[in-house]
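What follows is one chain in structure tokens, specifically the form predicted on its own.
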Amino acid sequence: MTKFFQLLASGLALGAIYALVCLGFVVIYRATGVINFAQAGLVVLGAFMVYNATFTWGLSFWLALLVGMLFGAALGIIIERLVLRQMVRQPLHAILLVTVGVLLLVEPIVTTIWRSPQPSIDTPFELDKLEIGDVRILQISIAAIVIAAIVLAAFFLFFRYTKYGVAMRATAVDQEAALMQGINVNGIIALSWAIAGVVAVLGGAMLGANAGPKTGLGVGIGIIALKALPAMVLGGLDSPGGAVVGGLVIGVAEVLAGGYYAEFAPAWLKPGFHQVLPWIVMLVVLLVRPYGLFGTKKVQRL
């Protein structure tokens, strides 16, 4: 059971990061109906901006995180204004491909600016392990869970009780009706992209600080961040609460599968199966319950 609880703690830390990234996917989808693959690119750029603020500019981790969040919000608004807004009334698949194109631009940008970064982001949290009984948990993993919980709670309070949160909910339901009620729909969509940029930076910083198992700083963070997409499908494309549940379930399932692979996996199953497990879960969910656990089931009358 000691091994199980250690893996569970690591899985919850990774799942909390997936939940943050997944929240960015959900916010954009609710506002525009588009699955934003560029979110993974924002995660990578956010992680490297936090690294740059700590290593190059000498800022403390918390101040660097604030700088990174401001950068992520600004970058999200810029992408929405200069790229996505030009695609209004274009076919959905064309907009989707544009977000993929933005994602593909990230790797050459990162490798050009940061040629040989350190292996991880420096944080106040040591890589030492805290002992809770027989269970030893990395400090950075605990920090990732706490930070994600605070951010997600703040988002839900914002979403439910503030004027802008109500406007976002109205825009998600019907953009034309929201516009008739005097809501600045373009401004709300830009705000959605800003929020997506902020949570992407937080997720990227945690991954770059080794909060997830075998992560560290590198462009490969984007591949890890894309695993938030199966979490989004599992929880529901338009459900913020589902983003949290889906992220935690995918994170825990992936880490448990990796931890127990050697003991229980058949000989024909190659190592690294846990890396593709989230995508298998996504495929099964799409076949059985395509609107996810908490997503809105759309009914069309013929």
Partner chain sequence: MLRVGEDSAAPLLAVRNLEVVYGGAITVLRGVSLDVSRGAVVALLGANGAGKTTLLRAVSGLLSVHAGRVERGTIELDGESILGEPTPDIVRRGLAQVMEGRRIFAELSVDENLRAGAFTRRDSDGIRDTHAHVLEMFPVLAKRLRDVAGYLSGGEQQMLAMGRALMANPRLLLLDEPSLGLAPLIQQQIRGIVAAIAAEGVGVLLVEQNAMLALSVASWGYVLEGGQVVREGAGQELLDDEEIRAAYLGTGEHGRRSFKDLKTYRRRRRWSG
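Everything numeric here is computed off the predicted structure, so don't read it as measured data. Numbering follows the first chain given and starts at 1.
What follows is about the form predicted in complex with its partner chain, which we do not show.
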E176 versus its partner chain, in the predicted complex: is there a non-hydrogen atom within 4.5 Å? yes
Taking heavy atoms and a 4.5 Å cut-off, does A73 contact its partner chain in the predicted complex? no
Is L103 near its partner chain? Define near as a heavy atom within 4.5 Å, in the predicted complex. no
Although the partner isn't part of this model, could you tell me whether A167 comes within 4.5 Å of its partner chain in the predicted complex, counting any heavy atom of the residue? yes
Contact with its partner chain in the predicted complex, heavy atom within 4.5 Å, among V151, I189, I145, I137 goes to I189
Going by heavy atom distances of 4.5 angstroms or less, which of L234, M69, A31, L45 would be at the interface with its partner chain in the predicted complex? A31
State yes only if every one of R160, A172 and T296 has a non-hydrogen atom within 4.5 Å of its partner chain in the predicted complex; otherwise state no. yes
If contact means any heavy atom within 4.5 Å, which of 90 to 98, 200 to 208, 106 to 114, 219 to 227 contacts its partner chain in the predicted complex? 90 to 98
